[in-house]
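In the block that follows, a single chain appears as structure tokens, in the form predicted on its own.
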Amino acid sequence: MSDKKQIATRFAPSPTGFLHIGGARTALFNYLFAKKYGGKFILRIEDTDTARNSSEASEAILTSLRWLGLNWDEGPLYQSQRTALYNRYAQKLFNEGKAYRCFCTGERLEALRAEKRADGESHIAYDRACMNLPAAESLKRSESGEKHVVRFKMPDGGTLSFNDMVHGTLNFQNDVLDDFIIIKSDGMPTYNFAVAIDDYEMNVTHVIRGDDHISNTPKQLAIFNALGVEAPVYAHVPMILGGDKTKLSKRHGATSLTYYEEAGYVKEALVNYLALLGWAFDDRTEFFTMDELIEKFSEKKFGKTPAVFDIKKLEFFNQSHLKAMPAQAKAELLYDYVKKYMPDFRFDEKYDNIDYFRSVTDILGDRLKLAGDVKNYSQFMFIDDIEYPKDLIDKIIKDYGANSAARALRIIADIIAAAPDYTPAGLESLLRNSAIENLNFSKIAFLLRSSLAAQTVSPGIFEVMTILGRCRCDNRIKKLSAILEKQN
């Protein structure tokens, strides 16, 4: 990296929708690159498409970036607030004969395209009908209010070349490129023009983006050349594909970052996984903290083939990150999550505190794939008045018989009430060595879990018993026993 100029990258989303997986990966790569080399990360909102922009989408993008921890050093800068700047540069190019007003109507342009298609032409470029309008005539028509755009005048002949950090040297023939529009008839800049001006004005040194932008690069280079300024260094990383090897889209599942946050993915896991979609440190290491990613990130490690987004792999990363979190941090994360995103998570008031919540989450072990799984495994521990679903009652009656199960539960209740060692190990040893209705230990554990959790899955049932306490366990076991007796 150059020692003469501070490294500066940018993430420049359009606020026409929420931040998606591909955009988040782009933001992350630019963030990591800037931090790796002690540079700055700029956030620019490209909101010149006034018909499609959404303030809700704009705010959601900022929220998602903050959630991921991709805090920008400069911005957010909004293109819609910089139109005077773009018009000054357009006027400069116009004054130097590098741009011109075009008064052609949409009908004429469509007729031109139809004619060229009929002649079998594959490259349909503007015919430059307005390029040589006398300056006085062009000015008069403009001042009279005649609708027009401003076009950039592409050089005749020659080649535009740049060295891409991923693809190597790429070449484009000027003659193949159109005299593209830089200022629309409503006075707003076009995408390629605004991008080039902003990258120059913001001193952006490196642009990392998806390779679907390669076709935009020669237009931006042409503008830099016309202005006589240095272009950024580009890295066009391969796109992210779905499991069927087509471009990632909604048909492959949710792509919005908002979904992943609300679904209970841990941001550290998502950042870790996103970093590996188009970059790799080596062929072995998969798990990284943000600091480790910054330290090890290198443009030399960009992949040259498209990455495939695998939701199962992301779940594995999420489960692994949850497993590795310090107990208190995990408890606080899960507690905050259920408070924010799970309004149906039931808390009796006396159990609604972080200390009790941690005592529960400490015994969940490695079961959680998503934060939301805490409800499936532990909701029964935060309420006193639990209900037993009919399908569970039916299963117990079918497998054990109502009378036999009810008697077994009463015996279990008596054993627990008298247990001298009310610890997980003590309770397990006691029940393993007790004769209860000729039931083996696995069947005893099933009845115990059914009575205490009202479901067939839970954390270790003896750890559950110590947290619920002797009295709550006694009440639940006897409640289920009474229900079974009535069923008989």
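Being a predicted model, the structure only gives us computed values, none of them experimental. Counting begins at 1, following the sequence as shown.
Not pictured, yet referred to below: the form predicted in complex with glutamic acid (GLU).
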(message) So in the predicted bound form, is glutamic acid (GLU) close enough to E46 to count as touching (4.5 Å, heavy atoms)?
(response) yes
(request) Although glutamic acid (GLU) is absent from this view, report whether V195 comes within 4.5 Å of it in the predicted bound form, heavy atoms only. (result) yes
(message) How about Y341 - does it come within 4.5 Å of glutamic acid (GLU) in the predicted bound form, if we only consider non-hydrogen atoms?
(response) no
(request) Answer for Y191 alone: is it within 4.5 Å of glutamic acid (GLU) in the predicted bound form, judged on heavy atom distances? (result) yes
(message) Can you work out which of H206, R151, K330, R209 has a heavy atom no more than 4.5 Å from glutamic acid (GLU) in the predicted bound form?
(response) R209
(request) Would you mind picking the one in H213, K395, K296, R141 that has a heavy atom within 4.5 Å of glutamic acid (GLU) in the predicted bound form? (result) H213
(request) Counting only non-hydrogen atoms and a 4.5 Å cut-off, give the residues of 293-317 close to glutamic acid (GLU) in the predicted bound form. (result) none
